[in-house]
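Before any questions on binding or motion, here is one chain by itself as structure tokens, the form predicted alone.
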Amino acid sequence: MAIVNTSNKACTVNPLKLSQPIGAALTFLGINRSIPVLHGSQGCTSFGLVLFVRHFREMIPMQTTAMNEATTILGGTENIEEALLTLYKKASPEIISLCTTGLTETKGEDIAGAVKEIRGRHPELNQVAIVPVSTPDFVGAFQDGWSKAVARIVEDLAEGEPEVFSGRVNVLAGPSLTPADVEEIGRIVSSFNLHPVILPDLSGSLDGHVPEDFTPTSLGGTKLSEIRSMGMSEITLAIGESMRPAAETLEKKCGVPFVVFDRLTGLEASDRFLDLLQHLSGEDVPQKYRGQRSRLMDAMLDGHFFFGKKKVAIGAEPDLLFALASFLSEMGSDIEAAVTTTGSTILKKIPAEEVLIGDLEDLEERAVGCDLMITHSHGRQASERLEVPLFRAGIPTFDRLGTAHQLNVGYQGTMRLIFEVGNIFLGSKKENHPDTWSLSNAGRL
């Protein structure tokens, strides 16, 4: 069990974390015909917008209430009203999210009350689902904002019905999942003749497809009708510990039971997932997954020579940190340094002596002498200074192509990770295993 500590430095030198509003905004980008609005200054939205554009290399529909000095002091209800009416008339969204920032949270803005007041004056807005989320960026991190947003969406929009659709399964997708991960999870669930309702579904909106026409809202993702009917599902599968609050909210409101999977990366984790789907559907595991499992086991056999006793330093959000650290530990590597962004109950389960809530400077100090560093693109300078190879994971990854298509879950995603990370070890100057291939195959002859 890891000891969780918090850095007591006077300031953050090289930030690892992203803010809560950014995490909440990305959640709503996984919902069809949605527009996330950050209630704050224009700069708050501009920086987040640039970050998403550089990471996904797609059009990102984010808006702002454009608060200034005067409206911050006097109150931002008029700015909220103007933003909601403008978006309703010009963009025709089905869902508008209203995420607070540090500026408006410090002021003590009551956004839920403001939305209720504005609806009273403008009944035409009743055609739009407006979801206010409190996400101050001076506390918490990206994962907290994502978790709060999904829980609020479920609380405000999901409806409980006496009827339950047989074979319908809710999937709450955590912030550690890429669009490719979400697509693979949906494909696996569907292969058991189950119908998944995925929230949020980035695989439908930020998967890199080219739309036929321009749209000012998100294009693809979870439909509003699907969210409203989540109370009619048989079960909820929460992927990532951060999705537990949303799953609990849905169970309390609609009576839908849930199961939390802390990760879907790794042989054992994938086995548990498919075992539950087999139990829910009453069907045998499709043959293609038996083949994928066999290939993964072969990849683990081929790769474990290069992973064994390697020292790895990881900096990531809690859910992603746990998934990667557990996978590497199972492959025989030692987690020399584990740095994260915010508190979570999952941190104590990470296979490391210590988990530090800190920044990239803390990661750099602890990565001295390691064989590999794993974090997002902002860790590239530390990697160069230490001459330690960098494997990019998480948001933002802006100096590599195809980040939205990186698959890290299930048998295929785990096999990809083995090859990607194993090749880094294999190509390292420290590596010298001239006879490894012949040794690994000699046992099979």
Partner chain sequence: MLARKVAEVFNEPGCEHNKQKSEKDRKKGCTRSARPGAAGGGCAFDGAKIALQPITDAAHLVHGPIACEGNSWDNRSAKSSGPLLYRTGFTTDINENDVIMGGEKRLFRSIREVIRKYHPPAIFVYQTCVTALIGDDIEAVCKAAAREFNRPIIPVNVPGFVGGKNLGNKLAGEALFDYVIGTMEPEYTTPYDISIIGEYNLSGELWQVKPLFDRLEIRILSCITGDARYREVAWSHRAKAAIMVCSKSMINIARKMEERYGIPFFEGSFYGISDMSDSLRNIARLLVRQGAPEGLIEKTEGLIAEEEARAWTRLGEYRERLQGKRVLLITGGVKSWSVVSALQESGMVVVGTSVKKSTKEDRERITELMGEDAHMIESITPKEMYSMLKDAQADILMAGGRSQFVALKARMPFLDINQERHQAYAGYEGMVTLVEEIDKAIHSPIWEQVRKKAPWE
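These numbers were taken from a predicted model, which means no experiment stands behind them. Residue numbers count along the first chain shown, from 1.
Below, we refer to the form predicted together with its partner chain, which is not included among the displayed structures.
**Student:** Have a look at 413-421, 24-32, 386-394, 38-46 and name the one stretch with heavy atoms inside 4.5 Å of its partner chain in the model of the complex.
**Tutor:** Flagged stretch: 38-46.
**Student:** Taking a heavy atom within 4.5 Å as contact, would all three of 58, 65 and 102 count as contacting its partner chain in the model of the complex?
**Tutor:** Judged in the model of the complex, 58, 65 and 102 all sit within 4.5 Å of its partner chain.
**Student:** Which listed residue (369, 308, 113, 211) meets the criterion of a heavy atom within 4.5 Å of its partner chain in the model of the complex?
**Tutor:** Spelling it out, the residue with a heavy atom inside the cut-off is 211.
**Student:** Report the residue, out of 353, 82, 124, 155, that has at least one non-hydrogen atom within 4.5 angstroms of its partner chain in the model of the complex.
**Tutor:** Contact check passes for 82.
**Student:** Given that the partner is absent here, does residue 253 sit within 4.5 Å of its partner chain in the model of the complex, heavy atoms only?
**Tutor:** Flag for residue 253 set to no.
**Student:** Does any heavy atom of residue 139 come within 4.5 Å of a heavy atom of its partner chain in the model of the complex?
**Tutor:** Output for residue 139 is yes: heavy atoms within 4.5 Å of its partner chain.
**Student:** Taking heavy atoms and a 4.5 Å cut-off, does residue 296 contact its partner chain in the model of the complex?
**Tutor:** No, residue 296 stays farther than 4.5 Å from its partner chain in the model of the complex.
**Student:** I'd like to know whether residue 330 contacts its partner chain in the model of the complex, with contact meaning heavy atoms within 4.5 angstroms.
**Tutor:** No, no contact at 4.5 Å.
**Student:** What residues of 1-31, in sequence order, lie within 4.5 Å of its partner chain in the model of the complex by heavy atom?
**Tutor:** The stretch touches the partner through 8, 9, 10, 11, 12, 13, 14, 15, 17, 18, 19, 22.
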